[in-house]
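Structure 1 and structure 2, given next as structure tokens, are two forms of the same protein chain, each shown alone.
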Structure 1
């Protein structure tokens, strides 16, 4: 769907993307990364809003530098910032956005009611946007990105600021996009659970480089329960003692991650702490989540 090859993007002395290379498949893709990691820069380049310093990028099989206008007709965008006109009704705004993309009035009107019906806007679509709740405003922003039937839509923090119910509704809507309309989704978010809930693949970006690209289900299936361990003393000696028991500990979060096999694992941890003269401060069994994976990659 999107291919980037050795992309470099500099803002003066700051390098936002550093030899960034990635192949993004079709489906629902999550892009994760801390602030300043380069994910927003990548999204802006993929949208054709800014150009690379060097390297190449293709979107939907077309060279972005050569066919920016044609590619934009196939792309939808739901921005994070609140940029919708308060004085218009939801229906008026969407019809206007359809006309802007080159649709006829009849087509724009029909498409508007189809999308708002799918989003379960009900009679709210005839109210002025200034009267909308946060969840309704997010739905309208999503709707305007879908009005022209794009092949891929970029979603920038779509659940930001939503209450739990509205957030769940938004995630369910996003989940249905590929099933109902065949629209591919590129989801940029700081909420790791959203990626775990919605996305087929995850891309983690840090320091302008690709750190991980994985199928979400396969990634989580490979993870096992772990025991979070914090100790006082020589971590190196403690890890060596664990290895003698056939256990490999890894750094993660506040201390070490020890794979949980059975309840005997707890005994082996205690025994290793005693033999390495380490104080055992914490030993808690937890389930690995996207949060754990993310922290291990970006720390």
Structure 2
């Protein structure tokens, strides 16, 4: 989908992207990295808004050196910060954005109402945007990026500031609207669970360089050698029973951590629970989480 070759971008003395090379496949891609790692710069370059200092970049098969404007016909962009005008109604604004992208008034109107329907916006779509809550503003921002049915949409922190319910709704809509039409997604976020929910691939950027590129599913299947156990009743008894089978459990996070030796360990845990007459709420070999991966790569 996006191919960058040795891209360097400098702002004066600051190097935002330093010999950045990446080959982003089609699909839903999460892009992670600390503040100021070069994520936004990369997205802006891919949008054709700023030019690289050197290096080449190809988006959806088109070379951005030659054509930086028309590529945006195929791209939707949802910026991070609040950037919608207060003086219009939601519907007016979305239709205007559709028209500015080059849609006809008819199709822009139809599409506007369709997307707003998916976003669960009722009558409030005819109200002025200044009356909207944070979640509704975020929805309008998403809708304007999807209005022209782009081939790829760049989402910059789409869930920041949303409460848990609004966040889930936002992620569901992103998933729904992009899945049917096969829209590609480039999602930049700080909330790693968003990446787990939406993305197939993840890339991690730090100091202007690509640090890691991996398939999310594969990554999440990687198991660690720890079994997470949570029990009710007397934890002490349970730990004692485990000790008899030669296993030392440590308390960690929420519950106990039991080292995994082989599948026999599970049976020993079950036995100990029976012997100590405890409830066994949870027993699962933990998998790698995005947090672990991220912290490993970035720090």
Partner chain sequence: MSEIILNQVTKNYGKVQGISEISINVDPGLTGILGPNGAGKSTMMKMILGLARPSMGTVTVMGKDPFTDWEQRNKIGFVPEFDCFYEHMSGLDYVSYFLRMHNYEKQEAEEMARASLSELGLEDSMERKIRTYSKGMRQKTKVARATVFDPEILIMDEPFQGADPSTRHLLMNKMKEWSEKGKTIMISSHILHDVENLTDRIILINNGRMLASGDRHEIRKLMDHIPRQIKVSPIDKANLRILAKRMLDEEWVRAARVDEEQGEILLETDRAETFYLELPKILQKEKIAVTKINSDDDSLDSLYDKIVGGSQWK
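Positions refer to the first chain, counted from 1. Worth saying up front: this structure is predicted, and the values here are computed from it rather than measured. In this text, the rigid core denotes the largest set of C-alpha atoms whose superposition between the two forms falls within 1.5 Å.
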| property | result |
| --- | --- |
| Identity of the form predicted together with its partner chain among structures 1 and 2 | 2 |
| Core superposition between structures 1 and 2, C-alpha change of residue 61 at least 2 Å | no |
| Flag for residue 29, CA shift 2 Å or larger between structures 1 and 2 after aligning core | no |
| Rigid-core frame, C-alpha of residue 242, shift of 2 angstroms or more between structures 1 and 2 | yes |
| Rigid core superposed, the C-alpha shift at residue 273 between structures 1 and 2 in Å | 27.1 |
| Angstrom shift of the Cα atom of residue 262 between structures 1 and 2 (superposition on rigid core) | 5.2 |
